[in-house]
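Next up is one chain by itself, shown in structure tokens, the form predicted alone.
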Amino acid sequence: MTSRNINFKHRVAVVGAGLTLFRSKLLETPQELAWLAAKQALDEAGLTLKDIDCVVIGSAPDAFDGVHMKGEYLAEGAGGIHKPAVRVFVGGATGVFVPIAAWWHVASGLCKKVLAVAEEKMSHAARPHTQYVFRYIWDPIVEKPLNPNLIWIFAMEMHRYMYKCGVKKEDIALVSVKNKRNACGHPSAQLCMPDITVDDVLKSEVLVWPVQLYDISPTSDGAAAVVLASEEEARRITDTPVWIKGIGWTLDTTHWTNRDLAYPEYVRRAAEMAYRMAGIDNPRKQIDVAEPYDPFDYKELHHMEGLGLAKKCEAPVLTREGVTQRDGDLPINPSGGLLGIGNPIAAAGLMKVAEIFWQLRGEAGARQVKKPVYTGLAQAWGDLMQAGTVIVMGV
């Protein structure tokens, strides 16, 4: 068993979680979405805003919501007025970094109870498409003259993974089928497709080969929230706290041309940090259920391997053999993931943390996996294929 790699004053638990609907366009304002998720999490914990010491907010580029300095803007909806409040942002990895930041607020002794909220309203940027928000993330000398977009960058990554591992499109499509079917058990899901088949995925519109329409998660509006508490407070609040056992994050170079696109090194390093803290040395055996980040179907496979839940190039085999199904030996994205529930960038990662919380408490309803679960993992990924965030939770 590996030893803990960090010292801290207080154990930290998740004691409540909340989630809005995920939809392509919701009528609520960003502030209203943040409050809907926050109120659910507080209600589940049996708390009110008066009980909260600090607030951590996460959201992706300001351009999505159309409001500059979005942390300050969201603070009112997220319960941050007249309290210490901070916004964290690492692109798509933000959703898992929000509870990581909330963790250190509690673990350090600064706050006893923290409300962590992540929100995204992508529909504001939907004219002509949310992709246009990313026009200015590229290196102005080396990349911008090529006029790239994220889908063709990810298409190159997917193609490289397929080539290096000898993976067929049919095997990758199985992930999309699994997650879109799993989403039918989720009350917040945007894209439940109970009858989808591999053939449907393979016949969907080609966007940038090999990426097709059903390989990608939908753009979404939505919010998620969790309440974290110190051990003393958590035991007062609930008989079933879910402990944060390990956290990890890392940032790879922004120059994606300098990286091995077939393997997510940024996830491996973040996972190793979290595993050392949690005392995990065999994640394939010690993790009971996982929610890796799946904005594209191939990324679930990619991230499984980076997390050590599968050997390099093994994830497609495990998927094909049914290991990753809800009733499998290692359930992966039993919620439906981003491919099924939706992808409001920052809120999507925190949704995964909430799902692990509910799984470990046996409160996931139709999404509950069949086997007993004691340790779970959520992971997110962001920026220009470079940021990895990982959280390990247990009972």
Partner chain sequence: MRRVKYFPEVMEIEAYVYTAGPVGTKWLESLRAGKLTAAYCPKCGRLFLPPKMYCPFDFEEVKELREIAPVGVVETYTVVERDFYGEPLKERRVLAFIKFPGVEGGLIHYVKTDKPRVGMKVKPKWRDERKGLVTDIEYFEEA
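Numbering follows the first chain given and starts at 1. These numbers come from a predicted model, not from an experiment.
Form predicted together with the partner chain: not shown, discussed below.
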Contact test in the predicted complex: Leu27 vs the partner chain, heavy atoms, 4.5 Å: yes
Contact flag, Pro140 vs the partner chain in the predicted complex, heavy atom cut 4.5 Å: yes
Any non-hydrogen atom of Ile356 within 4.5 angstroms of the partner chain in the predicted complex: no
Interface membership of Val133, the partner chain in the predicted complex, 4.5 Å heavy atom rule: yes
Lys144, Lys312, Lys168, Arg320 - the one with a heavy atom within 4.5 Å of the partner chain in the predicted complex: Lys144
Contact residue in the predicted complex, chosen from Ser123, Asn149, Thr250, Thr238 - any heavy atom within 4.5 Å of the partner chain: Ser123
Proximity to the partner chain in the predicted complex (heavy atom, within 4.5 Å), stretch among 61 to 69, 332 to 340, 363 to 371, 347 to 355: 61 to 69
Contact set, 20 to 56 vs the partner chain in the predicted complex - heavy atom within 4.5 angstroms: Lys25, Leu26, Leu27, Glu28, Thr29, Gln31, Glu32, Trp35, Leu36, Ala38, Lys39, Leu42, Leu49
